[in-house]
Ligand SMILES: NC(=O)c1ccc[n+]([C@@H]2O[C@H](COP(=O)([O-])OP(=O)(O)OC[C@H]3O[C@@H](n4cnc5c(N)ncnc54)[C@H](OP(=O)(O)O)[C@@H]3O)[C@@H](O)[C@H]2O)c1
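Only one chain comes next, encoded as structure tokens, the form predicted on its own.
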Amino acid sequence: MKAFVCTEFGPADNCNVQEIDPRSPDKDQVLIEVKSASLNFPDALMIEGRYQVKPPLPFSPGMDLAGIVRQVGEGVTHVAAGDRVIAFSGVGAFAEMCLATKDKVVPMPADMSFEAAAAYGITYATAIHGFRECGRLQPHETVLVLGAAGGVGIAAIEVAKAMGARVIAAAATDDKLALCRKMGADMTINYSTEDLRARTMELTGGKGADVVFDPVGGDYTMNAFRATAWGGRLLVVGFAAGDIPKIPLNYALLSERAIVGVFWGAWAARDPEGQHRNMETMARWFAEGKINPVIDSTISLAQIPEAIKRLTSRQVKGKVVVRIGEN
């Protein structure tokens, strides 16, 4: 089978498409014919050896996918050969066949395309977990989303709206903000031309945001944290800007603000029932038209290195989908 393979940690240009042998599923595993996979920021970090998980070399990256079950191992009963599924593989999705453990495989929602299913997995699962379990978001609260035009940012806008919140979307260009408004954002901030803290306070009548969803990091984090309300919650999702911010804790003390990490993958492994509940909620929202992934572009396996450059330079709006099989 064809697979996009990383043989040494470093730039994505060092990776290439190779022919490798597929493996049969072991106990509690599912073998999936991959139709589409999505590109996530951690894929870039993993290829460079900078992610918290370092797979043994060589490996095929790719954290989530949509495809058709071809074979199941002993102990797998909730899906069968021929089923259309979404899988959170962690690695291996950028290949024609991928193995995933049974607890990371769920049926695809009805009427969802393979491209949409691949784009929908990790980003929406991260957003709903961030708001529901970590941020305890309540209806009518105000959410500030940083990096709002990226894949997880768009997911955060739609999930927060589905939960009844008011959303302020922050991004670096006017065309990105136009997309955010199209996806349901109530208000927008261009943080390349506007003061993020001052504008957030203005838009909230001086109160501040109740919850900040931050996949960006860098200098944006501190400005956003200072613009939270009394009892506000900063959700630490990632560091797309490259720098991990250092926050003086007096800002947490003075307004009883909370800093909460969002590590969806580790939580899902610890609480599979909670993850199942969230996936059921997401499927219902999709059926109701409340969430619908934005696909920036669809690429081939060979085009992954160039797409990673676009992703890490923050030129992507929505999700990049890797089309692998015939859809």
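The numbering used is simple: start at 1 and walk along the sequence shown. The model shown is predicted, which means the values in this text are computed figures rather than measured ones.
Heads up, the form predicted in complex with this ligand isn't pictured, but that's what we're talking about next.
- Judged by heavy atoms within 4.5 Å of this ligand in the predicted complex, the contact stretch among the candidates 72-80, 134-142, 245-253, 214-222 is 214-222.
- A single residue from the set V237, A209, A160, A185 has any heavy atom within 4.5 angstroms of this ligand in the predicted complex; that residue is V237.
- Distance criterion of 4.5 Å from any heavy atom to this ligand in the predicted complex singles out A171 from the list A95, I168, I128, A171.
- Taking non-hydrogen atoms only, L311 approaches this ligand to within 4.5 angstroms in the predicted complex.
- Proximity of V105 to this ligand in the predicted complex falls outside the 4.5 Å heavy atom cutoff.
- A residue is said to contact a partner when one of its heavy atoms sits within 4.5 Å of a partner heavy atom; L301 fails this definition for this ligand in the predicted complex, lying far away.
- Mapping the unseen interface onto this chain, V85 falls outside it, with no heavy atom inside 4.5 Å of this ligand in the predicted complex.
- If you check this ligand in the predicted complex, you find no heavy atom from any of A66, P109 and F286 within 4.5 Å.
- For the stretch 27-63, the set of residues having any non-hydrogen atom within 4.5 angstroms of this ligand in the predicted complex comprises F41, P42, in sequence order.
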